[in-house]
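Heads up, the chain below is alone and in the form predicted on its own; it's given as structure tokens.
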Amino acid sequence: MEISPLQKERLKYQPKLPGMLKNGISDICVREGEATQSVADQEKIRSLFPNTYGKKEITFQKGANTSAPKKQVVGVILSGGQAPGGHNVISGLYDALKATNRENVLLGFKGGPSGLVDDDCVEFDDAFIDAYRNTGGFDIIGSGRTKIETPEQFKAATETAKKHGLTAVVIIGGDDSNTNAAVLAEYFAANHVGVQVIGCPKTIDGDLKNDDIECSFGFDTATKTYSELIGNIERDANSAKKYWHFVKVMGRSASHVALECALETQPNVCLIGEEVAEKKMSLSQIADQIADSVEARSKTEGNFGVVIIPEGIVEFVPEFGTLIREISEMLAGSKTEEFNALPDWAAKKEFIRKGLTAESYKVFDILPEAIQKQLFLERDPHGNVQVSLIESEKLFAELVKNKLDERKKAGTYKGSFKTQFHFFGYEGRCAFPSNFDADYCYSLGYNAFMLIQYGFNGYLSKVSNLSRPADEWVAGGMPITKMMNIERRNGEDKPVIRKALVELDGKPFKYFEAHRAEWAVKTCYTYPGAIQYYGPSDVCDLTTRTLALEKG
């Protein structure tokens, strides 16, 4: 297979490790911290995880290695959506395994957790791993979203483990995947299967973070990729001076990606879902905020600008959430068939008017017709509206246009409003990892083996002090149950890892809040450019603005 010149060079890159792990694991010992408890619902979580709950946080440090030597047969699984750096987690895990004992084995289970259930795996060797070092994507073994949760799945996973003599499984994934890792760890412990389970924190959305996990891998690369594209659009907008560009970025449940891209590129407007929810902003208020920027800039800078919108923004709008709930109730049971049998959109809209409260119909009525229809045509397998499919960038552009038309009639606005639309999602999920993600992921994988070697189960591989040079990074682990709470999912109480939302009193948002009024009116664009892999460290090894601001 022919590869690009960049890939040839990236294959040679040697990722940096935390200083304590640089010389292998022979002189690494464990320092125990305090016993842990879950972030909420302690008694419920404890009852669900009696064998893995309440364990101590640990860090690795220099000292005599007291782990019991034994041959390790480890399985690794890529779970959930792709994120840059996943291949390096596997590379780091493989290198640590082989550095300890060449007889150690690493098996890659294909297609996500279903590979463990179906016994679909491949054994890695040097040549296999070497072809994927420092590359983006999850194509080394593929990924999947299967949850191991039924008695039949647990039994099949156990049989696979016994067949291959597995001593441990490493699950590389986000909050749902690592929740599943905790459940699997508890099952193996309760049933004396003898297999440890270790998780690694992955998601480009940036919402798998807390006091222990400073950032999930892939966030750095994805936001740098999106920021390069947004910077290019800003440069084009400032050159042509005739379009307002509405840019939607990934982030359904949290706005970390949008905020980071705004800090990197200084657009005229960036919506933060958590602020919208906190202030109980309406669709009309949000449209007015954008229209204010359009009007002000038309008088000084020109009829152009850039707006960043997080993918899940409408879910944060209280009145829209109420509308969605009412629609779901309205179409419960046989009502969906009754609605679909109506002859045309006019008849369907009358059905909707009668089925909604006056407040919700008022919200519905201001939506563009295409969005109105989308709310009824696109349903998930459970019959719910698929909010993530709503083209919110077009929705807000249409609402802004309506606001500006009103202002033109009032004589306060004389500009023009032409729009362009962009959605950046898949473009960032499989990019060549930045040096930060290449190093961080390799360290997470290497560190995961340390946790295995010392016998830990139900732990997340943890590398912290990430705003400092890699030499100063600190490796260790934390019980996955520490991050968990109980949430209502599909009508049932489920233990899940709590998603981290943008903190409105945090330094990254406060910096954004302090500068956005100026950005809204003036052209303050910054152009990050492409990710740099070679050159000065202060260019190539930069972490995100979010992490830099959080850690000072």
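Keep in mind it's a predicted model, so treat the numbers as computed, not measured. In case it trips you up, residue 1 is the first one in the sequence shown, and so on.
Below: the form predicted in complex with another copy of the chain, not depicted.
Within 4.5 Å of some heavy atom of another copy of the chain in the predicted complex lies at least one heavy atom of P5. By the criterion of a heavy atom within 4.5 Å, K408 is excluded from the residues contacting another copy of the chain in the predicted complex. Although the partner is absent here, I531 sits close enough that one of its heavy atoms falls within 4.5 Å of another copy of the chain in the predicted complex. At a distance threshold of 4.5 angstroms between non-hydrogen atoms, Y454 is out of contact with another copy of the chain in the predicted complex. Note that among 192-200, 465-473, 289-297, 264-272, the stretch whose heavy atoms approach another copy of the chain to within 4.5 Å in the predicted complex is 264-272. Heavy atoms of no residue among F49, F60 and G477 are located within 4.5 Å of another copy of the chain in the predicted complex. Residue-level contacts in the predicted complex: of Y187, F436, F424, F316, one residue has a heavy atom within 4.5 Å of another copy of the chain, and it is F424. Of the candidates S416, S284, N210, N232, N232 is the one whose heavy atoms come within 4.5 Å of another copy of the chain in the predicted complex; the others do not. In the predicted complex, Q82 is the single residue of 55-86 with at least one heavy atom within 4.5 Å of another copy of the chain.
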